[in-house]
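There is one chain below, alone, in structure tokens, taken in the form predicted alone.
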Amino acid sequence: MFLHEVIIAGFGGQGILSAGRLIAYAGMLDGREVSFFPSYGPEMRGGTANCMVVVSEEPIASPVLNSCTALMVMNNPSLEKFESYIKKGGVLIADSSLVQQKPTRDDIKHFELPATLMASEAGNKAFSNIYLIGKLIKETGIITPESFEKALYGVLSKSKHHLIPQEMEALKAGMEY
């Protein structure tokens, strides 16, 4: 059965909720059932932010996750909070530019990529979440790169459409890392 339950977590302003929204939208374009459940602290930028995304071939009972098949983290507190949510055999993807801690579990697949550094070197720090999504796609097959590109056109304002070719390059680099 096709079922991916993903938690994406970090600080506000890192594109955590945008990443979740893009994955959910792309999942919909792939013809799947989806749910997107955002959560953030009252301080927004700089505060904590996370979202839960489910992409499934079956109807989804609840958008709230008590466990996940994949966790994507962009800060140490998120790893501490959500590592225990990952199901045995699940996937952890961490931005090693910002997450220095290592997971405590050995029953999960762990991938690190310096997404913030990669985005900074590519000239746009806002793409760091895109590198991580690329790795998520590569390791889980949650969505297709083609649907992700279509989701960018559907979610981003027209004034940002000129950035989509660069975002797709970041996605590809994340997949290949």
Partner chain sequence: MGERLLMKGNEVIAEAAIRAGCRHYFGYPITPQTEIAHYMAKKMPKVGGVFLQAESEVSAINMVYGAASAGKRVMTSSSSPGISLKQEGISYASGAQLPAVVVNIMRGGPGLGGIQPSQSDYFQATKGGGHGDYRLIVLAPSSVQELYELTVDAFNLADQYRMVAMILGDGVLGQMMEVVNFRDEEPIVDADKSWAACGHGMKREHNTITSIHLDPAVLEQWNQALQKKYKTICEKEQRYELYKTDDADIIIVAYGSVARIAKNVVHVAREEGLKVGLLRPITLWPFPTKAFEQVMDKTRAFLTVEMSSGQMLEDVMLTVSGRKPVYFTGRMGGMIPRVDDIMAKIKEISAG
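Positions refer to the first chain, counted from 1. Bear in mind that the values here come from a model prediction, so they are computed numbers and not experimental data.
From this point on, the text means the form predicted in complex with the partner chain, which you will not see here.
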>> Counting any non-hydrogen atom inside 4.5 Å, which residue from Ser147, Ser35, Thr69, Thr116 sits next to the partner chain in the predicted complex?
In response: Ser35
>> Give me the residue from Ile108, Ala126, Ala122, Met28 that has a heavy atom within 4.5 Å of the partner chain in the predicted complex.
In response: Met28
> Taking Arg21, Gly41 and Ala61 as the candidate spot, are all three within 4.5 angstroms of the partner chain in the predicted complex by heavy atoms?
Replying inline: yes
